[in-house]
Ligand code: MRU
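Here's a solo chain for you in structure tokens, the form predicted alone.
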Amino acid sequence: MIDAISFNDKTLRYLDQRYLPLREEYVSTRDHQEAIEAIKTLAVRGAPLIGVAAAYTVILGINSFKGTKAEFPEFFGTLITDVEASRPTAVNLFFATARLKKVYDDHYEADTIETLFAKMLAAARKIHDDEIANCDAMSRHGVELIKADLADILKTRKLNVLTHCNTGTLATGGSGTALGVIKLAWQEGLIERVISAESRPLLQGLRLTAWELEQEKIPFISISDSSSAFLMQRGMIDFGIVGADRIAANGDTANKIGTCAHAISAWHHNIPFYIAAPVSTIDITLSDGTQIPIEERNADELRTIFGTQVATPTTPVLNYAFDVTPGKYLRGIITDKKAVVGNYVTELKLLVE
């Protein structure tokens, strides 16, 4: 059983994903600044898991508070600002901090500082528990949609599925979003093989998804990101499914860079391409994907591979961490509440109300 993140005895414990699959290294910390750095550096990553980690990071911060109740509001405001600055694209982070801010707003005046802290810890744990339950519900909705959409193929053979980046336990703490759907589909005998795109530049598909699939003993093959269109052309991919870091009101979806190319190729080849993400990933305040903030990361992530220089230090680099796939290229958006197909503007709004 993969233990991606846990919180006990005022200590956050997480699996440092930067070292996988070559070694498993767990880190335990009571320092909220160290936890913020873990989110920034992708030691902890994946939109739902970032939300869980953000919630626990806030708890680490308030556990370190030594002042009076009157001094706490200023401390808490700074703490929230620091946590929210760690990763700008994954809306789950802001969902988590909003939940904790609501506890503060609702209970600060009436409660003692100890009681307030206890309620905030309970809220953080619920965020974690909810993500685990969301993965299970999402997997079921996803499998039912796949069975319906690909029923004709399933009459004669099992399916080959493309996925990108990592969306399993390492990204969620539960069974996963897109990878959770794949795992359940495998258990139900629907999947022949998973095709995992490498996900440059940090290789989350090659390193993390491959590692999880090996743990689950699910047949897979890893490919370069640029191979998917050719495999679709040759009939080697039946559908694609990925996660999301933010979904706009019209279904436009931000996910790991490279996703949009896969989706457009699938659309061209008449292959269903799905998003699987919890409702907490939907940002109904953004009308379309042009409004999603896209993180640009350090150029050395592209110029080096595991510390080995592959380009000169002066090579100009544009290193966007995410791209935005227009909703028109998606067959469906699978959430923990239901699978939405078609009118995203109306249906996504209903999900978050």
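Each residue number is its position in the shown sequence, starting from 1. Just so it is clear, the model here is predicted, and its values are computed rather than measured.
Below, we refer to the form predicted together with the ligand, which is not included among the displayed structures.
Q: Within 4.5 Å of the ligand in the predicted complex, heavy atoms considered, which of 161, 185, 165, 248?
A: It is 165 that has a heavy atom within 4.5 Å of the partner.
Q: Decide whether residue 42 counts as a contact residue for the ligand in the predicted complex under a heavy atom distance cut-off of 4.5 Å.
A: Taking the distances in the predicted complex, the answer for residue 42 is yes, it comes within 4.5 Å of the ligand.
Q: Is there a heavy atom of residue 87 no more than 4.5 Å from a heavy atom of the ligand in the predicted complex?
A: Contact check for residue 87: yes, within 4.5 Å of the ligand in the predicted complex.
Q: Closest heavy atom of residue 56 to the ligand in the predicted complex, within 4.5 Å or not?
A: Contact check for residue 56: no, nothing within 4.5 Å of the ligand in the predicted complex.
Q: Against the ligand in the predicted complex, would residue 35 count as a contact residue? Criterion: heavy atoms within 4.5 Å.
A: Judged by the heavy-atom cut-off of 4.5 Å, residue 35 is well away from the ligand in the predicted complex.
Q: Among 146-154, 78-86, 255-263, 108-116, which stretch has residues with heavy atoms no more than 4.5 Å from the ligand in the predicted complex?
A: It is the stretch 255-263.
Q: Using a 4.5 Å heavy atom cutoff, which residues in 196-229 contact the ligand in the predicted complex? It's fine if the answer is none.
A: If the 4.5 Å heavy-atom criterion is applied to the ligand in the predicted complex, 196-229 yields only 204.
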